[in-house]
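Here we start with a single chain on its own, the form predicted alone, put down as structure tokens.
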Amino acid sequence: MTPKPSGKFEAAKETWAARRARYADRLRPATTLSGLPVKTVYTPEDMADCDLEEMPGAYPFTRGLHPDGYALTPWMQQMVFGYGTIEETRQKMEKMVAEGMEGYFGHKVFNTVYDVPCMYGIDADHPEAAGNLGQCGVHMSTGDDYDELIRDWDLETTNFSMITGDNCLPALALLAAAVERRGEPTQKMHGNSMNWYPRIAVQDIPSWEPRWGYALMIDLIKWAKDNAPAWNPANIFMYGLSEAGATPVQELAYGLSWGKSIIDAGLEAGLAPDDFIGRLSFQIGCTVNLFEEVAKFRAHRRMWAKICKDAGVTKPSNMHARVHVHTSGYVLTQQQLMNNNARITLQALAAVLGGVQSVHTCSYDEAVGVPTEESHRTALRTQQILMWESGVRDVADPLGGSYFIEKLTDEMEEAAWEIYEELEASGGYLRGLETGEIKRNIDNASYEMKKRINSGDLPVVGVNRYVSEQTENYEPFRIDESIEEKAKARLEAYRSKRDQAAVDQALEGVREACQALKDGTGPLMPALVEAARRGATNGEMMVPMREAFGWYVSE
């Protein structure tokens, strides 16, 4: 495929070799963060095995999902936010729209993170919620909260991403009930359920037993297929793998195996490949190693397309690896906080050069606390400067054809397939989750990186290079302690106007549906939606779920 080097190239190569001969032995071998060797110069000789006969928008999508990249519409700016009650978060939603945050073709996009009590399925009056209400996320547990979330937004052109935890089924049920109260069909719903049960492979958090986690995940996917076909029912949380310490190659391998495990579970449940695989999406991390990250996104698209095709998908758009990038938090430093703006810019640039569909840029002060208004706005502006001033959206896959990028894309793919195939041969992601194999391997990679940073082998400016003793002036975000009482008052007011007998009856229906799901005789989601219609809260729906699926939190 690659023509034989010409005499002109051979002559240039001789000149190059002669000029570097006097210092070449002093060059230090370099590697990517994944440990792949990197040469100082790449040439046509490195392209011998590269397939360059690809176009953006065509299988296997290495060069991007769309024929003209971002030329028709740029990527979605999906900044994560959520604080206090829905009242504070609603104000933030409107502010972000005013600041220019938008998705494809100017549509609204809200990437809302829930607080810890919501994620674990306890309401504001639960004793264990004290001290955590509305902190690091919004507290939403009632129908009133969800009515306010969607108030006045056009459901056809608004995307609601709900960063829930193990409560993703009750959260979706509460949203569906709110849409119905507005007199609109759930078929209009656009957004994402994270459906992150398999994240327990790398995060030390309580959750369902793996087998029940997968059963719940598929139950949500099946409900969405029939009732909210534009909804993205599962998000493959590769970002969590990265933040736990996975190398970019490990993130690729384990993330794709995670996706394969959902495909397998869906097919086993009787779903047709083209009926659900195309609605799966990814959230991926992005470090500051710019070229490795660009190659990672290119390899990811190619590998996922192959996995989908092998699974029986026939429609090309259902083979798309649709990616939201959350710039990595672990690369941010407490030392010399403003330096993080440079790191965030590099990460966002890598994501865009890699052709992703959506980006959240971290705020420079996330290494020390909740972002301030100023730091959050600066993070959004970073994307907007890239989008409108840099010219990066003018050309699809602008690094395509680069000797280095093409070679690195192939090498990352090869290294990731090796880990992926080994995991699949030993039983797949679910088994790796149960045995702890995935977590051990990522923990080891994280430990090795920490050793490199501590030794100075991996430079981190402000930490092991260019350290400053100067005290920095920084005014942190101040938590409003009255949020807790406000959340409790909202919950009490909501409960006081319900038909308690109807709520109790609906929750008994949830309890029976949980058993039916365990027995393989019926779904759970319809019972949750009915409970949400009757006025059950997030925490109340999670009680029978915890009883049925074996996860324990003291009541």
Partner chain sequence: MSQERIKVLLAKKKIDVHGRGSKLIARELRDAGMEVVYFRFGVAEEIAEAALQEDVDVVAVSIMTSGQMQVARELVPALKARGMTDVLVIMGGIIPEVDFEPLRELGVHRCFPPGLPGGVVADYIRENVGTASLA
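Residue numbers count along the first chain shown, from 1. Small disclaimer: the values here were computed from a predicted structure and weren't measured.
The same protein also has a form predicted in complex with its partner chain, omitted here; what follows describes it.
> Quick one: is residue 481 in contact with its partner chain in the predicted complex, heavy atoms, 4.5 Å cut-off?
Replying inline: Yes, contact at 4.5 Å.
>> Although the partner isn't part of this model, could you tell me whether residue 369 comes within 4.5 Å of its partner chain in the predicted complex, counting any heavy atom of the residue?
In response: Yes, residue 369 lies within 4.5 Å of its partner chain in the predicted complex.
>> Taking its partner chain as it sits in the predicted complex, is residue 149 near enough to touch it, meaning that at least one heavy atom pair lies within 4.5 angstroms?
In response: The answer is no: residue 149 has no heavy atom within 4.5 Å of its partner chain.
>> If we define contact as a non-hydrogen atom of the residue within 4.5 angstroms of the partner, is residue 443 a contact of its partner chain in the predicted complex?
In response: Although its partner chain is absent here, residue 443 would touch it in the predicted complex, with heavy atoms inside 4.5 Å.
> Is its partner chain in the predicted complex near all of 242, 454 and 474, within 4.5 Å of a heavy atom of each?
Replying inline: Yes, because 242, 454 and 474 each have a heavy atom that approaches its partner chain to within 4.5 Å in the predicted complex.
> Can you pick the one in 212, 153, 330, 404 that has a heavy atom within 4.5 Å of its partner chain in the predicted complex?
Replying inline: Of 212, 153, 330, 404, the residue with a heavy atom within 4.5 Å of its partner chain in the predicted complex is 330.
> Of 131, 391, 229, 270, which one comes within 4.5 Å of its partner chain in the predicted complex, counting heavy atoms only?
Replying inline: That would be 131.
> Of the listed stretches (405 to 413, 443 to 451, 309 to 317, 345 to 353), which one has a non-hydrogen atom within 4.5 Å of its partner chain in the predicted complex?
Replying inline: Result for this chain: 443 to 451.
> Going through 167 to 184 from first to last, which residues have a non-hydrogen atom within 4.5 Å of its partner chain in the predicted complex?
Replying inline: If the 4.5 Å heavy-atom criterion is applied to its partner chain in the predicted complex, 167 to 184 yields nothing.
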